[in-house]
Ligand code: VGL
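In C-alpha cells, the next block holds one chain alone, the form predicted on its own.
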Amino acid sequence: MTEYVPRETDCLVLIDLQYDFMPGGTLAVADGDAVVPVANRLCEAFAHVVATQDWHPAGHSSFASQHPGHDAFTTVEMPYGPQTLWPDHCVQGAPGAELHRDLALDRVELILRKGYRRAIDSYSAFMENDRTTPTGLTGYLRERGFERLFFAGLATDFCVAWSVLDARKAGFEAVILTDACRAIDLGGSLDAAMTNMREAGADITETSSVLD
C-alpha cells in the first residue's frame, strides 16, 4: 500500500456527513455514522479541509414524492438525462440536512452546499448532474493552489465517486479513502463506481496509508 504524507498542496474533502445519510435518516447509508470519527482523525492529519452539504429545497425534482407513480430508487428521465429518485432528504433548514454534530467543523475551511437548484440534482462536489453547471469548487481549489485531494464521506458509489471522477477531469490528483466512506450499493453501483474511479486514475486506498 502506498503511504501518503500530507503536504501543503493537499486538501481533504469530506462529502455529505449529514444526519439524513446516517442510520435513522431518510436516506440512511448503512454504518454511515462510523465515518465521522474516522473523518475527525483525518482532519488532524491534513492542514486543509473542505466539506460538502446536500442542501435541497422542499419539493426537489430528485425526490420520488414529486413523481406520482414512481418509487424511490427507481430511475426517471430528466431534461439532463437519467435520474435516480430518492426519498425526501437533506431539505434546507431541516434537522436531517445538518452536518453531524460530532464532526470536527473547526478544522473545515469551506462548507460547500450543493443540490439547491430545484430542477437539477447534484451528486458531485464539482458539477451538478446536468454536467454543465459548476459548483465553483474547482476554482476555489485551484486558486488556493491545491493539487491532490483526498476523499471521505457518503456515499461511496454516488456523491463520493462522482466527486472523485470530476476531480480527475479537472486535473487534480484524487485519492479515495475507502474505509472512511460507506456505500448505498444500488443495483451494483458500488462495483461500477470503483471501476470507474480506478479507470479515471484515482488512487484507491485506506486511511492507514495516511494516518500513523
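Start at 1 and count along the sequence shown; that's the residue number. These numbers come from a predicted model, not from an experiment.
Just so it is clear, the following notes concern the form predicted together with the ligand, a form of the same protein that is not shown.
155 is the sole member of 39, 155, 149, 177 with a non-hydrogen atom lying within 4.5 angstroms of the ligand in the model of the complex.
This chain appears without its partner; in the model of the complex, the one residue of 159, 181, 167, 51 with a heavy atom within 4.5 Å of the ligand is 159. Looking at residue 27, you'd find a heavy atom of it within 4.5 angstroms of the ligand in the model of the complex. Within this chain, residue 123 lines the site of the ligand in the model of the complex, having a heavy atom no more than 4.5 Å away. Using a 4.5 angstroms threshold between heavy atoms, residue 20 stays clear of the ligand in the model of the complex.
With the partner left out here, the ligand still marks one of 54 to 62, 39 to 47, 141 to 149, 169 to 177 in the model of the complex; by a 4.5 Å heavy atom cut-off that stretch is 54 to 62.
For the partner-free chain shown, 86, 89 of 71 to 99 come within 4.5 angstroms of the ligand in the model of the complex, judged by any non-hydrogen atom.
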